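Presented below, as structure tokens, is a lone chain in the form predicted on its own.
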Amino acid sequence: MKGITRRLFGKTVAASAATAFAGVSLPRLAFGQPAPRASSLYYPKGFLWGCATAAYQVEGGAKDDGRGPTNWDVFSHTPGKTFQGDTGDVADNSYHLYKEDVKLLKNLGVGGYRMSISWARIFPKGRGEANPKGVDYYNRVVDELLANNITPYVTLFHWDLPQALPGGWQSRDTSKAFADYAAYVTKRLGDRVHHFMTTNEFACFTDLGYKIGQFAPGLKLPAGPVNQVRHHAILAHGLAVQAIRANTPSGTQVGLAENAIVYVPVIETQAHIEATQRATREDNAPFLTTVMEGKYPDSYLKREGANAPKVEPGDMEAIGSKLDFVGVNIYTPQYVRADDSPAGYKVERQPGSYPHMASPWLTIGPECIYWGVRNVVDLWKVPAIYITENGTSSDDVLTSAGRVDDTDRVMYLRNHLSQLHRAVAEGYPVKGYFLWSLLDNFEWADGYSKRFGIHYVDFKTQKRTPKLSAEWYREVIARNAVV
């Protein structure tokens, strides 16, 4: 699909260390045994390997058991908004096949599963009376995961907003409704779920939905209203952090999943590295920078002028609520060089020959996962960081032999995990990695035209088939090392 995508949003606005470090378990060798391959990059003992999905992309069951309509139900049913009019009405039918999907997770050997909850299953109208059948469903999913020794990591909002909320994210009341929803859900799951993420990828449900119009609700608002939508989104996050802490046991871990623009220095020199940090802070100003610093950067407010968001008393205290971890969704890089401009940096345009995966926006630069971690930790000293999404589309073909040999995806993942190992080896507090995605699914405006899963899904029969990448990832998890 042509045009900007959610992970390409930023374009609109070394070798891995192999030193031993604490917690790494290397195999003991008897005399005469071959040494392990020099290329084996071991992760620390206890490193969390997982997979990720999102409710609207996999669940289906759009009208089942009292679920209310969402903005994406309306958007995807609007002609011309998605590839060939595809919708999430059925998707992977995980609403009914979740036990089968948990078996896929168990067969991989993962320790964690990042899933999201459909707000409209819990509150069909966004607020008011809760739907007990929606709560029961997520109780069953969580219990099934725990019965198979898989730790649930729950995201409360992954873009599917209850359609009944007046004004959507243009309304400040939506932020308050989200906090109420967060309180309700976490109070009921918090005895078994100990890791919650508030929101997923601010820019995608704000800018792509209200500025560019590519995502639900498909609006193209002026700069001032867009900035207010952004403010309501990060306010919702902050109010939800407070609500989660007030309604869950002590020790519950609270964070978010954010697709901050990932900047990579064109050359690893001190000047270019410093420019990269400046770019990271400045160009993520409306979202992650403000969340981490509890205030809008002066440069952002000056740049926006009269279009700057209106802030009410108490907003920034909520927005800057302390987090236990930061989740980063990382796919592709942008390159930065130092220059003598007032900003002190320049973002380089990628030439037409720059390589990419099946999705044209998904350019190849595995060092982005190292710099994505390093930039966030160095700037804001976060105590823990997770890769909450990383993966790629591929032109997957199911052969007559029942195989999908997605060697390009294996290449992509291997290179990224090698670069992530560099961050771990250098002492950055990376606690886990969630591969996107467990299944081929509804890829938003791209519909079913792009496959990101490590399990091939026949959307007519709902049969799941492990791809080569699933075999590879299972081996990574078993060895706790890049293979």
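Everything numeric in this text was worked out from a predicted model, so none of it was measured. Throughout, we count residues from 1 along the sequence that is shown.
Although not depicted, the form predicted in complex with a small molecule is the subject of the following passage.
* **the small molecule in the predicted complex: contacting segment from 371 to 379, 311 to 319, 198 to 206, 138 to 146, heavy atom within 4.5 Å** => After filtering at 4.5 Å, what remains is 198 to 206.
* Contact test, all of 59, 98 and 155, partner the small molecule in the predicted complex, heavy atom 4.5 Å -> Verified in the predicted complex; spot residues all out of contact, no.
* Does the small molecule come within 4.5 Å of any heavy atom of residue 215 in the predicted complex? -> Because a heavy atom of residue 215 falls inside 4.5 Å of the small molecule in the predicted complex, the answer is yes.
* Asked: Are any of the heavy atoms in residue 361 no more than 4.5 Å from a heavy atom of the small molecule in the predicted complex?
  -> Although the small molecule is absent here, residue 361 would touch it in the predicted complex, with heavy atoms inside 4.5 Å.
* **4.5 Å heavy atom contact, residue 43 and the small molecule in the predicted complex** => No, no contact at 4.5 Å.
* To do: Answer yes if any heavy atom of residue 406 is within 4.5 Å of a heavy atom of the small molecule in the predicted complex; otherwise answer no.
  => Output for residue 406 is no: heavy atoms all beyond 4.5 Å of the small molecule.
* Of 119, 331, 386, 263, which residue is found within 4.5 angstroms of the small molecule in the predicted complex when only non-hydrogen atoms are counted? -> The residue from 119, 331, 386, 263 that makes the contact is 331.
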